[in-house]
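Quick setup: one chain, the form predicted alone, written in structure tokens, and binding and motion questions come after.
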């Protein structure tokens, strides 16, 4: 089966989507939407897109795509996803973070369910070669029983990059449900990124149902790399360590360093999308799974707002950081 594909928002992140779909023989890229006319023309020329709109609703009405990528800033994700589902799109491929508030995420899933559309959120690191090799080693008992995950990313905030950190931590514990989160954010002065309020730094302690705990550092308090350490009862696994290797495994038998072949994670994410549309297994990054990642992110803010541990499911569907700002708790 062949699918008509369109992109909503043609900034930097859209290129990865366009390239991943361009490698599929069963996908025909028909249109794009971009409010910046010059950027739209440049993107259309670079990716061979025949039609470019300045209004995404016009695209949905006139070009009737089967699949759309939502590559705009997070405050627009919910609006565009709901509009695409209501327009008859078969699948919405939305960039991370899923949205800003947890309530918006739930609305996205509900709108897609109500209109028979599928929803996928761009957590493509689930296809990273080292993460999958680590998951295999843990399953084989290479480091005994997994107890701790220490993860950090020194770039940007919880919603921009922390969503990848938390989602991969969930992947590494087999998507065991999170039951409690205790977190703290730091925001010494006002800061806005990608159209919404953000913090400068955050830390979080996540308790998973299977007994594994994760400690997360994000932003200014974190080291520069995007890295993970898995601690078991009989050894450790390090991913993306600053020394430059893809993976290091330390057990009583000694140390192993591995340089794994690179993977095109975005392409793998798209391949899984097309397989799902063709009747294959549900996508690992489908909307209802991505909501659980976002719930943890919102729980970090909520824990900081309440100065207390938060038990999931989270009862606050708003954006707790904005509530802290409105209450004068942070600048």
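Positions refer to the first chain, counted from 1. The shown structure was predicted, so the numbers you read here are calculated from the model rather than taken from an experiment.
From this point on, the text means the form predicted together with a small molecule, which you will not see here.
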* Name the single residue among 39, 47, 286, 292 that comes within 4.5 Å of the small molecule in the model of the complex, judging by heavy atoms. => 39
* Structure fact -> Contact with the small molecule in the model of the complex, heavy atom within 4.5 Å, among 239, 172, 117, 80 goes to 80
* Among 251-259, 70-78, 137-145, 218-226, which stretch sits within 4.5 Å of the small molecule in the model of the complex, heavy atoms only? -> 70-78
* Looking at the small molecule in the model of the complex, do all three of 162, 185 and 325 come within 4.5 Å of it through at least one heavy atom? -> no
* **Proximity of residue 124 to the small molecule in the model of the complex, heavy atoms at 4.5 Å** => yes
* Would residue 22 count as a contact of the small molecule in the model of the complex, using a 4.5 angstroms cut-off between non-hydrogen atoms? -> no
* Though only this chain appears here, would residue 321 touch the small molecule in the model of the complex if you measure heavy atom gaps against 4.5 Å? -> no
* Asked: Do residue 33 and the small molecule share at least one heavy atom pair within 4.5 Å in the model of the complex?
  -> yes
